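Heads up, the chain below is alone and in the form predicted on its own; it's given as structure tokens.
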């Protein structure tokens, strides 16, 4: 095969895309359709709770159109990191929508489900044998933390997808996945260069985000050939440029040109970007360095506490000048009333340092108003609500220095003001496990879907 066309309808299943963009993509007769469906960007809550990232109604709309397109063209549809965090609950949620669409649209196909949930006994044996190491600034993984984790998933590379494709799957719904592998696996299976395939996969997994103007809610076409690949958005109002594609190559990476994955490292130091038309960019020189060992990333989340918040605005210039005074007074009053030890509160003050916190280099407040998100974290939702309510009431009436009125410190936009946010989770597994076989942590289940 001299040319491989890969279609990415969007950057996240459920983010939406223009139907015209998908239609334009289908008219190029792509060889596969791929879509990412998950991320850790939203933090550990999705993995810990088992809840999806995007609404069901949006996933069903987006999935319906691309599933009908794939079946009509008899090409594979690959969904990675299904449901948000890729755990069993997330995958089953997407499978339910998939079956519903297939029934409503009278579609038949062979389905492969790749489960990425980690067996705890297997992982404990890996810890005991010294085959697990931290990924980033975290401590060694302990047997106790494995037991505390609500869910643990392994992040698959290309191997599980290739096995599913080799076994004849037309639709693949996979658990937690390395994002580029969703597309690169199909290309490598077809015999194309892994360096170019993985680099193209990295661009396509975000939909049209590498275009100008960029958007994860629009479609991108990737064209892979011997020695190069090209990318072009499918919406005529967007275009790829050398800068936009090169910039997206740096997206979400700590190193400018070395991008590690389960099978090895993408080395993009020699990559070049060429404008070959007004809307298309061609890339050459992407290389792949196979790893001497296979290390699979693990993600796990444990329950910590419960959270409540209230949102308020501050407009009085005198109160704005006394932020540290009223923040400290609120903390001290809460400590006297509730004691210390099992709860925490946080002041997120927008207009001062709400985005960067202690890392904010600009110390002087120049805004005429501030936005306050007050957060209380406690062992129960009831206590979190009590902390939130008490702090709000105190702060509404607190007599800061220079104050002349007797009320009205806070402008509160919502009623009820104190909002229960539910459970709080943390990532307690963020490690790498060494495996002899890249299929080791994963299971594949095949089934025939008929209306």
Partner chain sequence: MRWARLGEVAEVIRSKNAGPFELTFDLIFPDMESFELVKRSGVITRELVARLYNLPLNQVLHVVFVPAARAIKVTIVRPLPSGCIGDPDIYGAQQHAPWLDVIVPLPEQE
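A quick note: this is a predicted structure, and the numbers were derived from the prediction, not measured. Residue numbers count along the first chain shown, from 1.
The protein also exists as the form predicted together with its partner chain; that form is not presented, and the subsequent description refers to it.
Engineer: Give a yes or no on whether every one of 31, 226 and 287 sits within 4.5 angstroms of its partner chain in the predicted complex by heavy atom.
Structural biologist: Heavy-atom distance to its partner chain in the predicted complex: none of the three under 4.5 Å.
Engineer: Counting any heavy atom within 4.5 Å as contact, can you tell me which stretch out of 417 to 425, 396 to 404, 60 to 68, 382 to 390 lines its partner chain in the predicted complex?
Structural biologist: Every other range fails; the passing one is 417 to 425.
Engineer: When the contact criterion is heavy atoms within 4.5 Å, does residue 42 count as touching its partner chain in the predicted complex?
Structural biologist: Output for residue 42 is yes: heavy atoms within 4.5 Å of its partner chain.
Engineer: So, in the predicted complex, is residue 122 in contact with its partner chain at a 4.5 angstroms heavy atom limit?
Structural biologist: Close contact is absent here: in the predicted complex, residue 122 is far from its partner chain, nothing within 4.5 Å, heavy atoms only.
Engineer: Looking at the partner-bound form in the predicted complex, is residue 337 within 4.5 Å of its partner chain by any heavy atom?
Structural biologist: No, residue 337 sits far enough from its partner chain in the predicted complex that none of its heavy atoms falls within 4.5 Å.
Engineer: I'd like to check something about residue 304: if you look in the predicted complex, is any of its heavy atoms closer than or equal to 4.5 Å to a heavy atom of its partner chain?
Structural biologist: Taking the distances in the predicted complex, the answer for residue 304 is yes, it comes within 4.5 Å of its partner chain.
Engineer: Please pick, from 318, 373, 276, 247, the one residue with any non-hydrogen atom lying within 4.5 angstroms of its partner chain in the predicted complex.
Structural biologist: For this set of options, the contacting one is 247.
Engineer: Looking at 133, 255, 331, 190, which has any heavy atom no more than 4.5 Å from its partner chain in the predicted complex?
Structural biologist: Going through each option in turn, the one that passes is 255.
Engineer: Since the partner is left out here, which residues of 110 to 141 would have a heavy atom within 4.5 Å of its partner chain in the predicted complex?
Structural biologist: Counting only heavy atoms within 4.5 Å of its partner chain in the predicted complex, the contacting residues of 110 to 141 are 136, 137, 138.
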